[in-house]
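Next up is one chain by itself, shown in structure tokens, the form predicted alone.
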């Protein structure tokens, strides 16, 4: 059977403790995954070892690291790369099939995310320009530079970046990739069902010439994850609200939890809602609705004039769009929905929605269109069908709920209350040309990323970082005066 080892400084290590990866359609074993215990992780992340890995990257230099990223991009997307510790090779198509089989993302979306990872690696110089606001990166090699005739210095905050990764979508791996180009080694704890992408990325980097010391791949349990978060000076943590809650407020840990992203209408655009239906459907359902960037809310100002277009009309039309998305087998060329690796999770989420719908003030409009439940089984997999809820009450428990499938609520509130009502919002797409409303949204401390105009919440521009800035997380500017 295929065996994926731990990577310790880029070198494979077979652990006595293993966990099986199975095909969620059949239950057949696909691979065994070595497990790293906390003691092993602690040994590898000891200060001297991590500092040595950092020095190895610094010796390469940032310009060569960018060249390595470009080579790794090509290899990740096109090459047969080592998989497992016994000389097996994995083609890009095998990667897509294995990834889909264990995490439930259809093969179409696995390829979409493969291209996303390739694009970030290939365009790393543009990504770093966005993260650093155009900084001359040679300052990271020398430790000292100049800007507008003034001395400039940045000091690293950590010898390694830890990353506790999810299984929902391979696209999240684009967020830790810049660390290597910035000269910071990584310690990766992969998601339970998705070790394939970080392992393949590591192999692409090794084949491209990156020093192996910079790469740690540690499949583990919660104790192993906690060890990485404690040992690494800086980390990224992906997870649901319960997972990230204990680490809220820890400056060493950059949280990537629920996004509660939204599309917001101004009074000027609300009457023209029909022309934005494609944007709304894309924001909610792209990538199977599995991303924190997917919209979980559509918010409109409540009309004052009798007979004016209301949110219920928009919600009904959007529900018809979303209800047309079918669950298809994972290898179907038009598949757009992801399956759940644990069928009981899909049933639990559906039951949660139904319980909250018992509170007056909300209705599932997609259920009215379909005429049947939202949990379906297709091709041996369990799916949740897209769900659109109309909330008359902005305080309804479903008005600000985020779930791991295409789910969203349409909510109306008085215009004066709208900005304050949004709450934490990773991405807000504002459909308005009203300068006053735009300024209110620009002033909102709740919004991390603001799209002014018809940009789907799920579309990123890599020169505009979202949900924290990895460069600022890894480096801080230091005051320096140099004479002579």
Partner chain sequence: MIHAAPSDLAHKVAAARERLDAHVREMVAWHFSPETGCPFWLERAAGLGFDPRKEVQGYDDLRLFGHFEDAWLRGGPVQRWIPRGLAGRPAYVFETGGSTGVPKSRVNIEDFQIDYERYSDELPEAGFPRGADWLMLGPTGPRRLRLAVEHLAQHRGGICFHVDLDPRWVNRLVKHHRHAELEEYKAHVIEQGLTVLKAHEIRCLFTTPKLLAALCERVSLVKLGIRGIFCGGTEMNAQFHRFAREELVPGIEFVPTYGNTLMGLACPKPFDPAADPADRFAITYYPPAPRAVFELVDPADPEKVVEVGQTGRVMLTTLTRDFFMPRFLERDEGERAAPIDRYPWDGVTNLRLLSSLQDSVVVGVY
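Every value quoted in this text rests on a predicted model; they were computed, and no experiment measured them. Numbering follows the first chain given and starts at 1.
Only in words, not in the display: the form predicted in complex with its partner chain, which the text now covers.
Asks: With the distance limit set at 4.5 angstroms and only heavy atoms considered, check whether 113, 173 and 200 all reach its partner chain in the model of the complex.
Replies: No, because 113, 173 and 200 lack any heavy atom that approaches its partner chain to within 4.5 Å in the model of the complex.
Asks: Would you mind picking out the stretch of 84-92, 102-110, 158-166, 378-386 that comes within 4.5 angstroms of its partner chain in the model of the complex, counting non-hydrogen atoms?
Replies: Answer to the contact question: 158-166.
Asks: Ok, 42, 51, 452, 60: which has a heavy atom sitting within 4.5 Å of its partner chain in the model of the complex?
Replies: Partner contact (heavy atom, 4.5 Å) among the options: 42.
Asks: 97, 231, 276, 321: which sits within 4.5 Å of its partner chain in the model of the complex by any heavy atom?
Replies: Among 97, 231, 276, 321, a heavy atom within 4.5 Å of its partner chain in the model of the complex occurs only for 231.
Asks: With a 4.5 Å heavy atom cut-off, would you call residue 444 a contact of its partner chain in the model of the complex?
Replies: Answer no; every heavy atom of residue 444 is more than 4.5 Å from its partner chain in the model of the complex.
Asks: Is the gap between residue 15 and its partner chain in the model of the complex 4.5 Å or less for some heavy atom pair?
Replies: Taking the distances in the model of the complex, the answer for residue 15 is yes, it comes within 4.5 Å of its partner chain.
Asks: With the partner left out here, check for me: in the model of the complex, does some heavy atom of residue 262 sit within 4.5 Å of its partner chain?
Replies: No - in the model of the complex, heavy atoms of residue 262 and its partner chain never come within 4.5 Å of each other.
Asks: Is there a heavy atom of residue 153 lying 4.5 Å or less from a heavy atom of its partner chain in the model of the complex?
Replies: Contact with its partner chain, no.
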